[in-house]
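Just the one chain here, laid out as structure tokens, in the form predicted on its own.
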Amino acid sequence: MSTEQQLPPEVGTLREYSEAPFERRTEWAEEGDLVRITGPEEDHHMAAHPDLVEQVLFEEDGFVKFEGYNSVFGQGMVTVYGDQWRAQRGTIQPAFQPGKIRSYAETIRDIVADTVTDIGDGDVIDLRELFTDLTMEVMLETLFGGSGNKAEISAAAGRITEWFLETATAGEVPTSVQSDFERGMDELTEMIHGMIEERRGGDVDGDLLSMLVSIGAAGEADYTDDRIRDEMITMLFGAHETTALTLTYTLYLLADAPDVGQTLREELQTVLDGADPGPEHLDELVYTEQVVDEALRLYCPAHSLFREATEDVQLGGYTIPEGDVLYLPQWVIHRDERWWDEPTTFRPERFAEDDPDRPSFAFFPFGAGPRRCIGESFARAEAKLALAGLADAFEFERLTETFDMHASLTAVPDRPIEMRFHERT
């Protein structure tokens, strides 16, 4: 077997991985930039070098998204390829142009202001619960045009998230979890089809759902009702859960970093001058964005990108066989001391300017290449405005000091992360 046909070196098994995915990835990355994890059917491989990430994400021939996504996202943009993907992305792109982001920011301003008002001095708050509620409301008001019952959609989405967690860790999903997953999917399908019917024949309000219903199957992307449902479920998870987790981890880190908090508050005092953060402040919240980026580096909700090889692929001098799975782990690369000085230290200033010695793909929280997250600007705007509004109003006292990570669809904490909020004078 020639060098080009060799398999990556074996470092462990999928059973070992499922027991502690974050710890195993970190350990196995020390064995090499491209390693193999053996499984009972197909093997999995981990590419933990920015150059390999660039090759896979910019030269996607030979790889497709992980097949497990299809059970949830169906015909949504994240799972389709070729002309169909280009048609869907082109159809959706106007919903995420700068002008639309500015209009969404008006809505975000109001929701964040209401959230601040609802929090009392000394309240103990589960951060993930707080931000799950906030980001769900933002998503329903902007992309769904105010439709949908927040509590019912959150409950259905929670059943699906639990299924992803069990799929990633247990291998064989318990019957009760599978049943809840199917119930959650049925509930989301019924709710979204109901929203579609409400819009059919009505005015287009400028939200994504109205736009897709207006275009429908007559457009190049062939937006049937089922494809619209799949697209909106894709947006539900892409525009909601990841941002909620980003804010959860940001406040967790901020509460134990008084110097960072002081610098952040100084920026907020200067930029906001007592106003609620809104679209007019986005470009000026420079340090605020650095704080968010540093949280994304340390606790990236998209802890790893997954791809399946559709043919034998040459990568890093090795062969990834057809049918095998490839990991591109943000969790490892974002914490690699080769690219990051003091990698476990929370230091937002590191994003103040580009490091010429750091590879471009040492930081890719929203992916990269042609399939980079379409909602990145939306997510960044929402995170900045929510952080600005809360940090301008409160000091944060960390009550949950430690937690472990679970590898679901996203990187989720294994327990509530509680914080006491103290009003700033």
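Quick caveat: nothing in here was measured; it's all calculated off a predicted structure. For every residue, the number given is its place in the sequence shown, counted from 1.
Keep in mind that the form predicted together with a small molecule is not shown, yet the notes after this line are about it.
The single contact residue among Ala105, Leu305, Leu272, Val177, judged by any heavy atom lying within 4.5 Å of the small molecule in the predicted bound form, is Leu305.
Interface residue among Ile374, Ala362, Leu52, Ala393, judged by heavy atoms within 4.5 Å of the small molecule in the predicted bound form: Ile374.
This chain is displayed without the small molecule, yet in the predicted bound form the stretch 293 to 301 from 293 to 301, 346 to 354, 316 to 324, 157 to 165 comes within 4.5 Å of it by heavy atoms. Each of Phe96, Thr243 and Gly367 comes within 4.5 Å of the small molecule in the predicted bound form, counting any heavy atom. Among residues of the shown chain, Met77 is one whose heavy atoms approach the small molecule to within 4.5 Å in the predicted bound form. Ile37 falls outside the set of residues with a heavy atom inside 4.5 Å of the small molecule in the predicted bound form. Proximity of Thr234 to the small molecule in the predicted bound form: non-hydrogen atoms within 4.5 Å are present. Contact between Leu143 and the small molecule in the predicted bound form is found at the 4.5 Å heavy atom cutoff.
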